[in-house]
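Consider the single chain below, provided in structure tokens and representing the form predicted on its own.
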């Protein structure tokens, strides 16, 4: 009570934020986890909800698609971001303008970017038109029909939206490398590839690891892009949980699927905290 009297003003200012976090984050998560272990009819503790969704083909497909999407999008984003970051590290005319333009997708809401991508990937979209004019296809391709092509479509759309954030992280890493290191490598006669492999890549590793973990957390909870571009043809864990609750009216199996997704995300958050903590200590 003495502590409360001493910091009464601070506690009063923090109270709205604490209530917000407890009411809109902690309590819903706790309730969801609890519901996933309850029988929908008797309210008794059970694992039936997990057994039910694990037995569904749609859940297995959603789990596979979630992992496949995360791997595909992470690979595309990291390779693209490293190439662009290396280009932006160099000094050339218009570099500031190019940097600003590359950041534009970050300001576009995910739902809007998903709708914009339908102009490219729909049956009558720009991509089919381009491939047809290049004589690569004779009939339009339905990119949202499911399978690998749909995963690739969503991954490309996700890459356009979030790669700027990865570029910023990697660019910060590249800017932190001293020019003297490159000058010493040049004096020793190192080629561009040897300099990248033996100097840039090892020194950039903490930033690459950080970007991969942050993006993996986002990739596993992808929702809007998949819903807008692929619909039900290619479910992921988040859209599977949404369907269970919204279309089938089963809040308990939806809670079980959400809890599994939460566990996957928590693993990556733990990895982020471990990497971030160790980097802070070493720094």
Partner chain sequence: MRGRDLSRKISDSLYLPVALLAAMAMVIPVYILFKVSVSTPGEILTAHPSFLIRDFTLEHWVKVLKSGNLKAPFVKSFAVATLTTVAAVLIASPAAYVIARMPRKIKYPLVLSLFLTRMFPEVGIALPISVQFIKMNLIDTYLGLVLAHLILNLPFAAWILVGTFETIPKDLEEAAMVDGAGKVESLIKVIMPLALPGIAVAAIFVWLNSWNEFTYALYLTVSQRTLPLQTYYYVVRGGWFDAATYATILTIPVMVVTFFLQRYMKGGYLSGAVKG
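No experiment lies behind these values; they were computed from the predicted model shown. Residue numbers count along the first chain shown, from 1. Rigid core (definition): largest C-alpha set, two forms, superposition within 1.5 Å.
Although it is not shown, the form predicted in complex with the partner chain is what the next lines describe.
- Annotated contact segment (heavy atom within 4.5 Å of the partner chain in the model of the complex): 83-91, selected among 83-91, 147-155, 69-77, 197-205.
- Site residues 21, 191 and 227 are all in contact with the partner chain in the model of the complex, judged by any heavy atom within 4.5 Å.
- Contact annotation: residue 165 falls within 4.5 Å of the partner chain in the model of the complex, judged by heavy atom distances.
- In the model of the complex, at least one heavy atom of residue 255 sits within 4.5 Å of a heavy atom of the partner chain.
- Mapping the unseen interface onto this chain, residue 55 falls outside it, with no heavy atom inside 4.5 Å of the partner chain in the model of the complex.
- Interface residue remark: residue 176 is not counted as part of the site for the partner chain in the model of the complex, having no heavy atom within 4.5 Å.
- Taking the partner chain as positioned in the model of the complex, the residues of 4-22 that bring a heavy atom within 4.5 Å of it are, in sequence order, 6, 9, 10, 13, 14, 16, 17, 20, 21.
- Shown in the overlay between the shown form and the other one, fitted on the rigid core, is a CA shift at residue 28 of 2 Å or greater.
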